[in-house]
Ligand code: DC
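In the form predicted on its own, a lone chain appears below as structure tokens.
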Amino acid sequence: MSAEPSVITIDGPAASGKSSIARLVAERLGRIYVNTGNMYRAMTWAVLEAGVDPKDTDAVRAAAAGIVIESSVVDGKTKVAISGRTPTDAELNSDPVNRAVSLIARVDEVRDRLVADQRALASIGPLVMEGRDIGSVVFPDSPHKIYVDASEEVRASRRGAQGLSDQIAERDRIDKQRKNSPLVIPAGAIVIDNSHITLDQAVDQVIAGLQLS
């Protein structure tokens, strides 16, 4: 794969703050913000709406084959739609979706298809794309890679403050141990510990570390 300098990749575990950081980095640099997690959340939401057990890989595979996910750009960021319907933020971030998304994301056919969709988004313009495998798998040749981390305790506290009940440790385990595109620190990535700094400080560190010409 050829280098893709128009994509800044930002990876990290659940509740590390990567979404907020990536969104502000994109705003400051005039780039399109892509939250790939919402693509997996949309798929998960659709699978659950179909009444499929997220632990039944064969059933997930069969259901996912008929689910069409589309991404359009609205106000500088991509929005996901499923067969023309746009799930609300509340639906995408509901507790059932939070509990099931890592299970859906580890299914090879789901992951391979969404990775291809994410690569295709490079054609819409300069991007800041965040997720769990963007710098390692989706755009491994990008020269601009960031990995945002925070302690498990801080991340769990953030989820609780949002009124959500993610099982952070379990999601970490699934994301890091899956065979297809596990969560890793991409080669050459700048690592930022976001445990005890402000959002603006984290964004400043990212932009300083990128050294864009």
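Owing to the predicted nature of the structure, the values given are computational and were not obtained by experimental measurement. For every residue, the number given is its place in the sequence shown, counted from 1.
Another form exists, predicted together with 2'-deoxycytidine-5'-monophosphate; not displayed. Remarks below refer to it.
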Interface membership of Val128, 2'-deoxycytidine-5'-monophosphate in the predicted complex, 4.5 Å heavy atom rule: no
Even though the partner isn't displayed, in the predicted complex is Ser102 close enough to 2'-deoxycytidine-5'-monophosphate, meaning a heavy atom within 4.5 Å? yes
In the predicted complex, does Lys77 have a heavy atom within 4.5 Å of 2'-deoxycytidine-5'-monophosphate? no
Just checking whether Arg41 would be counted as a contact of 2'-deoxycytidine-5'-monophosphate in the predicted complex - the rule being heavy atoms within 4.5 angstroms. yes
Which is the contacting stretch out of 65-73, 45-53, 175-183, 23-31, given heavy atoms within 4.5 Å of 2'-deoxycytidine-5'-monophosphate in the predicted complex? 175-183
Residues of stretch 22-37 in contact with 2'-deoxycytidine-5'-monophosphate in the predicted complex (4.5 Å, non-hydrogen atom): Thr36, Gly37
